[in-house]
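Okay, so we've got the same protein chain twice, two forms, each given alone as structure tokens, structure 1 and structure 2.
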Structure 1
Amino acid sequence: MALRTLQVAPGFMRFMPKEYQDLVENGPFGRQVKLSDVGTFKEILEEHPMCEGCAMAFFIRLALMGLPNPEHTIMVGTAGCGRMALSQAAIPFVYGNYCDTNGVATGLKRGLAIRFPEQDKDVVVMAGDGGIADIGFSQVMHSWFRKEKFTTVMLDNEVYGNTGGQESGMTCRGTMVKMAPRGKQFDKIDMLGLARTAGVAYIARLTPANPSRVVSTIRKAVLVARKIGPSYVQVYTSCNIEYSIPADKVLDDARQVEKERYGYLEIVSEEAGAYLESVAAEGGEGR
């Protein structure tokens, strides 16, 4: 019973730091929280060392609210900015080498399936565009070909943020960034098309401009990965540092990029769609 790991041993509560007292008494574990409840519960992620106003950090916070069962979820990250927030979240976080997320997630998912055949354990990869589409490409594609049942989320800031702003495969053609002195010479990699070809069951592309859509998209992606097959969510999370976006203009930028080129797109397999409908019909969120 995972929730036992959230009970403080008798007599020790008064020595616990405030954030843990709050998490234990008022965390989002073992119950459904909604975006509209923000402020009434203790969030899985609060303080973190990412840049002020970073859209990626904002997205991660929302995404963690979307997890259907955080008490049975494991996050997998890698080198890149997102790990800085993920390592502070009140949820297990695995961090290996740059490129290994989808291999590690495969092993985690299979190991957990051996040990807990009766209990769904959700595994969610969250890594940068470089981690997913460049160095981790092979492991991502093969996890999809093998139909591994976990969710892959690309934090697409269209650049290598963590190493100071070099070109990634997801940078838009023509953009001048480091190591692309004449502007990027080829198109943004079509990861959604590749996901579809590989038979990913639930595919979504979005921006954090609409927070409640972030929450519901992540929820759907995790539910589908639990029962049907791999899911992939690609989210535009601008890098305010490398693209010089003022911290208070980050959401304006997200709205504009969504309108002009990123849009909202969902590609749902028949089986996944039927499953999501059945979950909705039960009125439940897959608990």
Structure 2
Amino acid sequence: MALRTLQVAPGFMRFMPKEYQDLVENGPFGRQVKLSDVGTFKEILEEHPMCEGCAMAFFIRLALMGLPNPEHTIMVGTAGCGRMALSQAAIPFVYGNYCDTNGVATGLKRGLAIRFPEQDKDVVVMAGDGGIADIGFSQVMHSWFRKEKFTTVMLDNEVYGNTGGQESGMTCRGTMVKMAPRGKQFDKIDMLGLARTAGVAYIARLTPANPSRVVSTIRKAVLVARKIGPSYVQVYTSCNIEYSIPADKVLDDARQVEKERYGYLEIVSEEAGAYLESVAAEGGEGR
């Protein structure tokens, strides 16, 4: 949770694993990296046990590049595919119970603000549609209504991909999945509308089809949550296993879904917009 945690006693660095040395010397800590810099620095996430072609893993990789200050960030997740990648990243990760990610994030954010009053500490919840819109729905909404200053990211694969293919609240109406053979009987939950009703300061919907947009959106969401109020990012991350999408067609699917029903959307409050403009004018990233 700080640059000093990466350091070892003088003279011992040469005995550390090569991966660790690379992370300290070439990682994104203490500096802002760009998507165009990929290949020139050690990424926070480089290996994971997720499925070949997984859109979720790709999005997580991009999202971690977008963090304004990874050395001062804690990720919170829960049961689901995403935690398998997040737990492999070189960044603190807290595994919450399936229904309490936003409750855990609330406690972390408040505690960090007390412990480190002179340093901004960012908390980012990243969980699936089940963890955010279904069993975690109550705590998500209450954190928004309380205006807790952290970011919530929904990895919306529109199905319970980690537990066998049950429908979720985010599955589209009429869709047939393994454990909904007659098709989903009700509409997809409008989490974007609920976020707007709750007064969330920054709201975005996107797919991983545009990597630079992912990096930019996450960065803005975290900066707004740091100073203004809660932010919410909803991203389409198809489960290519449950929906039988060939690994090499995953981004083609994302582009098609983006075109048909998951177009890029950004809703920014006046206060959040003014803050982002001030950050841009200063030429910095609010570090």
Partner chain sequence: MAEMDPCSIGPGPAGLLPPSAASCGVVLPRKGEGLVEGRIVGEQAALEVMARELLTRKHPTVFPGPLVLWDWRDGVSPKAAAVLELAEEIPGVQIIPMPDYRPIYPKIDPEAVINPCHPNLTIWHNKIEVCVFVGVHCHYANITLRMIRAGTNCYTVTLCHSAGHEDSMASLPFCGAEQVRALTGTIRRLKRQGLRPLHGEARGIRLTGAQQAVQEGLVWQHGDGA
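In this text the structure is predicted, and so the values were computed from the model without any measurement. Rigid core: the largest C-alpha set superposing within 1.5 Å between the two forms. Here, a residue number simply tells you its place in the sequence of structure 1, counted from 1.
Practice task
Determine, for this pair of isolated chain forms, which one is the form predicted on its own.
Solution key: Here the form predicted on its own corresponds to structure 2.
Exercise for the section: Verify the C-alpha shift of residue 264 between structures 1 and 2: is it 2 Å or more after superposing the core? Expected result: The answer is no, as the C-alpha of residue 264 shifts between structures 1 and 2 by less than 2 Å after core alignment.
Handout entry: Distance moved by the residue 12 C-alpha between structures 1 and 2 (core-aligned, Å)
Key = Comparing between structures 1 and 2 after core fitting, residue 12 shifts 2.4 Å at its C-alpha.
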